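This document starts with one chain, in the form predicted on its own, laid out as structure tokens.
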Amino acid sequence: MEIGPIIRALGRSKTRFVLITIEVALTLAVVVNCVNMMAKMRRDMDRPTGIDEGNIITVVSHPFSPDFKEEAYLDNARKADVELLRSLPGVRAAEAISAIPLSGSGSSSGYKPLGSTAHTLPTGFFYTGQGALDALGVRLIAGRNFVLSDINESESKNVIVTKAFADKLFPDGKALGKQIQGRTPDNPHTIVGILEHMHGSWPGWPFVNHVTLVPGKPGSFNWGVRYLIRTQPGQIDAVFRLIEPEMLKLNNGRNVTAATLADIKADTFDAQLNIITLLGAVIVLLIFVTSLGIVGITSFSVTERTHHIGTRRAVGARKLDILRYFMMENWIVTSAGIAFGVVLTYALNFLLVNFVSGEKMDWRLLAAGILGMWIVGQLAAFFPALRGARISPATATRSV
């Protein structure tokens, strides 16, 4: 089939075909970037956290008895709670902690090598006791765990950091035993252990794998005391049922709230799930509207060219020739839109990467989008074109 006559025919109806070209281009750009954003969110949700999420229960003790205002009473209550939780059947480890990982709530700070003039590097940090590593299910790959003497009133602490954070602080890989400071060199901390991998409180944070564990006595009367209970595989439901009554039996001067870490993580990602659903709806709507536009333009072209179709049929054109003509016309218009859309797609992705913390797009995703738009365009044009191909020469001639 000759392309020239089709191009000339399109030139006589520039406006409507230009509009469809722009519509296809915008749809390609928006859809591909939406899918790219959705894929990034899904990867963030599914990436390993280094924590034994499926076997951890979190507990918050909310004290209301005035006795908890006394530091000694609070310390003794915390110790008693940890001993109780560790003694429950099915419990593998338990420890108090200042914030719940993956919860979207916690504390962060910044550190740099002692004496460095560089800017501090951000990290999430948790105050916790000796049993934190077992309670989290994280793996120590260098150095040591906390010991009782680490939990003291000194402002300088022995800390455990993740490998990702250690490598950023000391790119030579020799972080163990080194000292780190905040903005000032006062009260430096010493790195005594390095974790293989762990995520902090905010799963969507760019520095989520920068984590610092600090030995301490977490909790207060105003903010409550948080605990992590790591259960044996398959025992999480049985342990969950025991926690609240046993803790209240031990000390009824507080309220107790328990939740699985998996549920907390799901709640944290609830906003992302809603965004994914919204973006999916936008994609479906855009494709539907673009398809309707192509159907409308092709139908109008068929109606407008009834005489032309009749003439071609009268001189021997087959139904297949008419069908091919309109399908080729649509393919040319769609391809022009795709070509423009490729430029728009990369431009939009550039803006998202540089101004909205987006992710650089994989060219394979764009290739899939191009193929998808060709398929959508051809499917949308097929039935109006088929209707045109079925017009008989006699009917077309009488319609003049």
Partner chain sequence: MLTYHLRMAFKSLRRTPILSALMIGAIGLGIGVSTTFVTGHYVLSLDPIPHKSSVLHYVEIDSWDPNRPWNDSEPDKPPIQITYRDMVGLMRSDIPTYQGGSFKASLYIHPDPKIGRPYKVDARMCFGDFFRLFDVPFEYGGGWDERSDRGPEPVVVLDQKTNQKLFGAQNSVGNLVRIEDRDFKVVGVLKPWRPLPKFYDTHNGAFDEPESVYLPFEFVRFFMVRSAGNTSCWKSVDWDDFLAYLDSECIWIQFWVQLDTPAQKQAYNDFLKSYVDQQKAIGRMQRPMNNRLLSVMEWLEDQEVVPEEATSLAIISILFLVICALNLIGILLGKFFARAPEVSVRRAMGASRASVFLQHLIECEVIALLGAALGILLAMLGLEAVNRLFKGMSDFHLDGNMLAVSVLMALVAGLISGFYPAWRICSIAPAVYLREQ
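If you superpose the two forms and keep the largest set of C-alpha atoms that fall within 1.5 Å, you have the rigid core. Since the model is a prediction, treat every value here as computed from it, not as a measurement. Residue numbers count along the first chain shown, from 1.
Below, we refer to the form predicted together with its partner chain, which is not included among the displayed structures.
Put simply, of Phe240, Phe300, Phe170, Trp205 only one has a heavy atom within 4.5 Å of its partner chain in the predicted bound form, and it is Phe300. Listed residues Ile51, Met361, Ile338, Met41 were compared with its partner chain in the predicted bound form; Met41 is the one with a heavy atom within 4.5 Å. Look at 90 to 98, 221 to 229, 190 to 198, 128 to 136: in the predicted bound form, residues with non-hydrogen atoms within 4.5 angstroms of its partner chain sit in 221 to 229. The shortest heavy atom separation between Leu371 and its partner chain in the predicted bound form exceeds 4.5 Å. In the predicted bound form, its partner chain sits within 4.5 Å of a heavy atom belonging to Asn274.
When contacts are judged by a 4.5 Å heavy atom cut-off, Thr345 does not count as touching its partner chain in the predicted bound form. Taking non-hydrogen atoms only, Arg144 never approaches its partner chain to within 4.5 angstroms in the predicted bound form.
Every member of the trio Asp270, Leu351 and Ser357 reaches its partner chain in the predicted bound form with some non-hydrogen atom inside 4.5 Å. In the predicted bound form, the residues of 244 to 271 lying within 4.5 Å of its partner chain by at least one heavy atom are, in order, Leu248, Asn252, Arg254, Asn255, Asp270, Ala271. Residue displacement note: Phe64 has its CA displaced by under 2 Å between the shown form and the other one (rigid core superposed). A displacement of less than 2 angstroms separates the C-alpha positions of Gly224 between the shown form and the other one, with the rigid core held in common.
Cα of Ala72 to Cα of Ser154: at least 3 Å shorter in the predicted bound form than in the shown structure.
The Cα-Cα distance between Gly110 and Val356 is lengthened by 3 Å or more in the predicted bound form relative to the form shown here.
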